[in-house]
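A lone chain, given as structure tokens: the form predicted on its own.
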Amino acid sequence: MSDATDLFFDAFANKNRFRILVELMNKEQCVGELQKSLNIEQTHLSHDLRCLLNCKFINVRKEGRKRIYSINKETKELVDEVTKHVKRYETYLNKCGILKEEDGRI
């Protein structure tokens, strides 16, 4: 695999960044709305939003003093496919002892 592939998964597979992407699937939101709905510390949220912006997974526009974030079309399609796969394989993922061990749940 290439360095770009590794970086893609570093960006996309981060739990908080993926939660942000899922949250933006339904509507555009400002930082305050994202922070309230995801309960992520502002400094971590800002860091993750910058990463997602730099990787072009999301877009931002100014509305007065607010910055409004939205997910781009291609990323939205990808997140939609990933969430469908997660739902489809949820039972197996939950039973996988290797994943639980790696995550520190065992």
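In case it trips you up, residue 1 is the first one in the sequence shown, and so on. What you see is a predicted model; the values in this text were computed from it and never measured.
There is another form of this protein, the form predicted together with the DNA, and it is not shown here; the text below is about that form.
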Legend entry - Distance check, residue 41 to the DNA in the model of the complex, heavy atom within 4.5 Å: yes
Legend entry - Proximity of residue 10 to the DNA in the model of the complex, heavy atoms at 4.5 Å: yes
Legend entry - residue 95, heavy atom within 4.5 angstroms of the DNA in the model of the complex: no
Inset, instruction - Mark residue 47 yes when one of its heavy atoms lies within 4.5 Å of a heavy atom of the DNA in the model of the complex, and no otherwise. - result: yes
Inset, instruction - For the stretch 60-75, return the residues whose heavy atoms include at least one within 4.5 Å of the DNA in the model of the complex, in the order they occur. - result: 62, 64, 65, 66, 67, 69
